[in-house]
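Coming up is one lone chain in C-alpha cells, specifically the form predicted on its own.
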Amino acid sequence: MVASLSIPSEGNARGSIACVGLGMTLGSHLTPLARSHIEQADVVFAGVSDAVVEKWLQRMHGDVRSLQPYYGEGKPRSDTYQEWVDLMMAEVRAGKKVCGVFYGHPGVFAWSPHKVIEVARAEGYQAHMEPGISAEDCLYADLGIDPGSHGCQHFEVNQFVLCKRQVDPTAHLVLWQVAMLGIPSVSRSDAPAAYRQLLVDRLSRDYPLEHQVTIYRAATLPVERPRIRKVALRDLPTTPMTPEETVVLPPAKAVERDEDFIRQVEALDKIYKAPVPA
C-alpha cells in the first residue's frame, strides 16, 4: 500500500533522503561524499543482497536496516520496490536524515531510489542522489569498449523483448538482467531456456546465430576478477546465467557512410571555411 501524502510542517521539515551508490567493488569504489552521507545519516537502508556488504556498512553506521526481507516467493518485484519507498519515506516524514544505499550507481537499474527522491521532493523534503561507479562503467573498462567508437545501446531485457525497440547492429548492444527474462519475482534466479529462445529469435532478425556474444559480470570483491564468457548467439538459451550477468553483442555490421549528408556538410564547409576577404 502506498503511504499517504503528507506535507512537512516546521516540526519535521528537517527530514531528508540521500540515495548513494557503493560502486561495484566493495570498499574501493565508495566515494568520500557517499561515505559522508552514510555516516551522517540518522538511519541507513541497505538495498544490497550480500550479508558481507551489510556487515561492512554496519561498521560505518549503527542503524543499518536491510531491505532484502521485503522480497517474497512469487511476489512481484514492483511491489517490493514500492515498499522500499514507503519505508524510507516514513522515516523522512518523521524528521530523520535518511540514507538509502544501493549497489553501483543508485540511479542505474534501480527504480526505488528515483521514486523516493521524486516523492520526497514533491512533499517539500530535501532529496539528493549521489552517483557511483556502475556495472556499465566496469563493463567498458573490463571489455575494452569505448561507447564513442561505434555507439552503444542499452536495454533491460524484458523491455527489449516486450516492446518494439529499434536495434542498430553497427553499434554495441548491451542487454541487462537477461537471466530475469519473464520473471516478475525472485522465485527463480534464471529464466527457462524457452524464454531466452524468444530473445534469440528476436536478435536473429539483426544478428547471425553464429555471432559471438559476451556474458559479463563485474567483480564485487577486491580479490575477484570479472567473469567474462563468450558464446555463440544460438547457444544463449542453454547457457546458465545469474541475474548479475549482462549480455553484450558487438557490432555485426560496418557503419555505412551517408553520402547525401556528407555532401551537405561539404557544401557548408565551402561557405564557412572560405577565406575571409582582406
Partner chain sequence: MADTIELLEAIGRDASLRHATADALAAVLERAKASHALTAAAATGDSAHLKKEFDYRLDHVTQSSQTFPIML
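Residue numbers count along the first chain shown, from 1. Values in this document were obtained by computation on a predicted structure and should not be read as measured data.
There is another form of this protein, the form predicted in complex with the partner chain, and it is not shown here; the text below is about that form.
Q | Triplet Arg35, Ala51 and Asn158 all within 4.5 Å of the partner chain in the predicted complex via a heavy atom | A | All three within 4.5 Å in the predicted complex.
Q) Can Trp111 be called a contact residue for the partner chain in the predicted complex at 4.5 Å between heavy atoms? A) Heavy-atom contact with the partner chain at 4.5 Å: present for Trp111.
Q: Would you check, heavy atoms only and a 4.5 Å threshold, whether Ser16 touches the partner chain in the predicted complex?
A: Answer no; every heavy atom of Ser16 is more than 4.5 Å from the partner chain in the predicted complex.
Q) At the 4.5 Å heavy atom threshold, is Ser149 in contact with the partner chain in the predicted complex? A) Outside the cut-off, so no.
Q: Although the partner chain is absent from this view, report whether Trp84 comes within 4.5 Å of it in the predicted complex, heavy atoms only.
A: Close contact exists here: in the predicted complex, Trp84 approaches the partner chain to within 4.5 Å, heavy atoms only.
(Q) By the heavy atom within 4.5 Å rule, which residue out of Val231, Leu209, Ile228, Ala219 makes contact with the partner chain in the predicted complex? (A) Of the candidates Val231, Leu209, Ile228, Ala219, Ala219 is the one lying within 4.5 Å of the partner chain in the predicted complex.
Q) Exactly one of Ile215, Val43, Leu26, Leu236 has a non-hydrogen atom within 4.5 Å of the partner chain in the predicted complex; which residue is it? A) In short, Leu26.
Q) Among 120-128, 101-109, 85-93, 166-174, which stretch has residues whose heavy atoms lie within 4.5 Å of the partner chain in the predicted complex? A) Of the options, only 101-109 has residues within 4.5 Å of the partner.
Q.
At 4.5 Å, heavy atom to heavy atom, what parts of 52-90 sit next to the partner chain in the predicted complex? List them in sequence order, or say none.
A. Val52, Glu54, Lys55, Trp56, Arg59, Ser66, Gln68, Tyr71, Glu73, Arg77, Ser78, Tyr81, Trp84 sit within 4.5 Å of the partner.
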